[in-house]
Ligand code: NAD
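First, one chain by itself in structure tokens, the form predicted on its own.
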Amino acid sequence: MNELRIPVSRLTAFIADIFTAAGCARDEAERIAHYLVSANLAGHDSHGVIRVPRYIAWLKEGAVKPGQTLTIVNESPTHALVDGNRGFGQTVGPLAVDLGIEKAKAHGLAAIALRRAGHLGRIGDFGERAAAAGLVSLHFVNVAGGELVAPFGGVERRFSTNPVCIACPRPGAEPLVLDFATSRVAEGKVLVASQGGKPVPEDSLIGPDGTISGDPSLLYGPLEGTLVRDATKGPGALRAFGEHKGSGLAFMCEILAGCLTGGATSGPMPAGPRHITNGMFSIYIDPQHFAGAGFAAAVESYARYVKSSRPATPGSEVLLPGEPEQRRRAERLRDGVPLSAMTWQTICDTAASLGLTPPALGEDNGERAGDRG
């Protein structure tokens, strides 16, 4: 297989070096690297280090800005509308989550509307952050200016991939984390496939004539001879998952994260420079103000009951939301992060453009999958 395994510590340090060389302060560069690698560890390669070349391009264009913090537009004890000032999502996103945690801890419930954030990455990281503080959280996300997905019954792009995340704490155990795009696959999974990674299902995309396909060129245009992908170049669109259900969820993400935050929807965009930003509408709930001490026991009892269902396939098991990510994280921490050779090359090319020498990957710190016996 044309795949490399990169040790986590080496990969994280290399990504941090890239963002430092691009002009970010070291603490921000390390934070960006942490969250990108965290997405890979969870198995969400679409939101991981494959994004590095795109982030650096946005940084150079001024579409995303380093060193930003939140601006509070208005707030009360139980809500806040905050502006991310086009800062890196890995910087302003955690700040918005922490504000929601603080308010919910004090008052039992909080709503935080974040607008104009840089790409937020894997939203499950933010659900896990709230769960670590003992809170249930719900997150609805959109992408201003990022039309990628056709609505149910249509072929032209109207939505972005608009993820939804719901996370729940489990004292003494890993949290329950439901985190998914409302498209059949995330755009980043098509990006991974276009760079030699795992193919996407054959019903993931739709062409302008209504043809259903798994061909990444419908999203990016011709792939031959190119490494950098531009989703504005393709003639087709991603499809929503679950037909009208996923399409409806995507629509409501635009309403909550785009309209309610006062940011913008995926389209149409006003005249002027086109900056792709995320909006996120989040609700934080402290169980102690609701079911109280009985909440944790009720969650564990129901989780056990669900897992006790007889598997459809003998020898398999029923998994709870978050369990696949937990298992993938343990495996990749042990064996390294798998990257296609093309993805690794695009990252190394980006590093070289900033004057950095990529780390050497020898037998002990990077190897082709399948060569390890």
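Predicted model, so just to flag it, every value in this text is computed and none were measured. Residue numbers here begin at 1 and follow the sequence given.
Only in words, not in the display: the form predicted in complex with the ligand, which the text now covers.
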{"item": "Triple contact flag Val49, Arg158 and Ala231 to the ligand in the predicted complex, non-hydrogen atom at 4.5 angstroms", "value": "no"}
{"item": "Touches the ligand in the predicted complex: Leu320 (any heavy atom, 4.5 Å)", "value": "yes"}
{"item": "Distance check, Arg239 to the ligand in the predicted complex, heavy atom within 4.5 Å", "value": "no"}
{"item": "In the predicted complex, Glu325 touching the ligand (heavy atom, 4.5 Å)", "value": "yes"}
{"item": "Partner contact for Ser266 in the predicted complex: the ligand, 4.5 angstroms, heavy atom", "value": "no"}
{"item": "Contact segment among 78-86, 101-109, 122-130, 212-220, judged by heavy atoms lying within 4.5 Å of the ligand in the predicted complex", "value": "122-130"}
{"item": "Contact residue in the predicted complex, from Ile283, Ala186, Cys168, Val192 (heavy atom within 4.5 Å of the ligand)", "value": "Ala186"}
{"item": "Val177, Leu249, Val136, Val97 - the one with a heavy atom within 4.5 Å of the ligand in the predicted complex", "value": "Val177"}
